[in-house]
Structure formats: structure tokens, C-alpha cells
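Below, in C-alpha cells: the form predicted on its own, a single chain.
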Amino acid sequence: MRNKRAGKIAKVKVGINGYGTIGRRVADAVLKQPDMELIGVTKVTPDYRIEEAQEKGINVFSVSSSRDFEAQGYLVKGRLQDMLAECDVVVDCSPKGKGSENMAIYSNYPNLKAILQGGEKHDITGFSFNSDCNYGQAAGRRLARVVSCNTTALCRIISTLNASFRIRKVRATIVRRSADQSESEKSVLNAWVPEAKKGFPSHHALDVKTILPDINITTLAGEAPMTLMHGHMLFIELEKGGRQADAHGVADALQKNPRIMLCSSQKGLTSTAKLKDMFSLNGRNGNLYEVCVWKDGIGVDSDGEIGLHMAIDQQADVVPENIDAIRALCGTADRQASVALTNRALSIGNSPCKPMDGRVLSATT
């Protein structure tokens, strides 16, 4: 990554293994970073997404035999191994469980760094990453795991509030979307499906503690018949004797983080569908990288417990985390610089209704 002759840091060479729901978005985000070069993406099966990538000028590499692709009229740049040989970092966006299998392939490239997604277990990398919480701890590591969309959102909200208030305990009820929009055939229909078999708490609490080990948190989750976004109802108890909260103070604290967007039902944003609609025609292809919190839904009860509603775009909120994880592993920028670069490149923290101008706006303005 260092160009010794020029004495400058060259662009980090990034490969994306898997061009599905997350991989496509991470690839788009890498293309927008001034300090990164996208070597290519991989596909297991030949389908329309190859045309999408190639129309963007992205090199496509095959995981399976290239003959399968040629039979469908698709030309690929090479095999997965060819892509890895050119990369400084691979971002593994393959289906759940495949990332752990791919580690055997990545180990053949001693200088290659690898980032896995939240569908893989923490123990595979030994380090789970969140930009707000432990960016600096990635230095010198070869492997990292970007936690799931729900865990990313929880870490983002909890760490932001914990910086202003001393949190004693967090409880979260998570209403999960049943499938991504492109996988509607897998969706739950006319049912509520609690994650009862996985026990209490749900994995989200355990994942949060891999990043925020000192936070006392418990969670329950279940699936609802929807594909747009996840929803959380969050309850936060504060330490006695510390600074106590009111709704206005909570909103002010959250608004300091540009990756948290305060929205208002009074402005017509009464549902996740309305949120997605607001971002549908803004140059972000409908992606909400921010965690969305309803400002008029924030409350504090007589015991001082905070309650709030938030929504998470399962396809997008982990994208900036992956970009920051690349810089954190490679040591090319500190947290403040990386977050600023990522936010500006992806227009995070700016109103979807106005061109980016450096101001931090919210949907309440």
C-alpha cells in the first residue's frame, strides 16, 4: 500500500467476495472512496448482477468454473484466486456460513487482510468491529468482523448515548424484516415468528458485548412480514447519581452523531416505508446508512428510563462500517479522518432532499 519510490500512500486495493445484497453496496461505496481501488467482485452463479457490475466498469471474477459463465454469455476476468492475488484487503460478503469456509482460501495469502460480516461467528476473527466503538483496536490485525446491521445500530446508539449519560442497562425488542427485498420468496407471510428456539437473549445482545463488553444489555427478536427495514423499541436505564435525561437532551446527544438520523412523524415520516421513499430518489439508490430514530417518539418515564423507536436499513447501515474497517486494518487513517472521508463520500449526515454541502442536517429540519 505504500509507494516507496513516491513516498506516498497508494490506494488500498480491495476485492469483494460476493456480489449480493451487501457486496453490491460495499462495492459501490469503495468506488466512491478517494483512497481505495476496487480490484473486482466475485460471483458464484451467472445472473443479471454480472451485467450490473460490468456496466459500472467493475471486474467480475468467478468462484465456480468460468465455463458456467461463458455458457450464459458472460466473460469474467478470472477466478477468485486471481482477484485475491491483487488485493490488500478482501471484504467477504458471501452468504452466512460461507465466510468461515473462505478463511482457508484467504490463509494462502499471508499479506491479505480479510473482513467478514455479522453472519459469521465472532470467534472466527477474534475481533468484531464498529467504527464508533473500537476503531483503534483494529490496528495491526489481519482479520475483522463487521457485526450485523441490528448490532451495528445498537452499538451506534448505545455508544453515542453512553458518551453523554452513564448507562446502567439496555433492553431492546427487535422486529426483524423477514427477508431482503430481492428475496421476497423467503418472506414470512401473515405471521409473527419469534426467535424462541435461539433462546433469551437473542444473539444481538451477545454481539453487542463483543464490542461494548461493559454494557449490560438484553434483547429479544422476532420476524415480521415485511422486507423494508428492521424496527427496534429500545429501553435504556441510566445509572443513579449520574446525569439524568429528558427527551430533549437525548435527542441532542443523538444528533451529534451524523450516522444517526432524527426523523419526525409530524413531517410525514410515519413508517419505514415513508423513510425508504424519502431516500428513493437522492443518488443513494434508497440506501439509509444512518440509524433512524423518531424524535417525537423519544421519551423518559418517571423513573428516568429512556424509551425510543428506531429503524435500520438492513442493506445499508453496515456499508460505512466496512469502509472504515478497511482503513482501520490497513492503518491508512485514524478514526476521525476515516469517518469523515466515508461520510462525505456516501453523503452521510446530509439531507436527502438537498445537495451535499458539508452541513449536518436531519429529517426533522
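Since we're looking at a predicted model, the values are computed, not measured. Quick note: we count residues from 1 along the sequence shown, nothing fancier.
The same protein also exists as the form predicted together with another copy of the chain; that form is not shown, yet it is the one meant from here on.
S.K.: Exactly one stretch in 331-339, 293-301, 315-323, 48-56 has heavy atoms within 4.5 Å of another copy of the chain in the predicted bound form; which is it?
M.R.: Contact criterion met by 293-301 only.
S.K.: So, a 4.5 angstroms cut-off on heavy atom distances: do all three of 13, 82 and 107 pass it with respect to another copy of the chain in the predicted bound form?
M.R.: Verified in the predicted bound form; spot residues all out of contact, no.
S.K.: Exactly one residue in 224, 139, 124, 206 has a non-hydrogen atom within 4.5 Å of another copy of the chain in the predicted bound form; which is it?
M.R.: Checking each option against another copy of the chain in the predicted bound form, the one that comes within 4.5 Å is 224.
S.K.: To verify the annotation, which of these, 171, 77, 98, 284, has a non-hydrogen atom within 4.5 Å of another copy of the chain in the predicted bound form?
M.R.: Of the listed residues, the single hit is 171.
S.K.: Classify residue 197 as contacting or not contacting another copy of the chain in the predicted bound form by the rule of any non-hydrogen atom within 4.5 angstroms, answering yes or no.
M.R.: Yes, contact at 4.5 Å.
S.K.: Is there a heavy atom of residue 272 no more than 4.5 Å from a heavy atom of another copy of the chain in the predicted bound form?
M.R.: Contact with another copy of the chain, yes.
S.K.: Consider residue 278 of the chain shown here, and say whether it contacts another copy of the chain in the predicted bound form, taking contact as heavy atoms within 4.5 Å.
M.R.: Judged by the heavy-atom cut-off of 4.5 Å, residue 278 is well away from another copy of the chain in the predicted bound form.
S.K.: Answer yes if any heavy atom of residue 308 is within 4.5 Å of a heavy atom of another copy of the chain in the predicted bound form; otherwise answer no.
M.R.: Yes, residue 308 lies within 4.5 Å of another copy of the chain in the predicted bound form.
S.K.: Could you pull out the residues of 96-115 that have any heavy atom within 4.5 Å of another copy of the chain in the predicted bound form?
M.R.: Nothing in this stretch is in contact.
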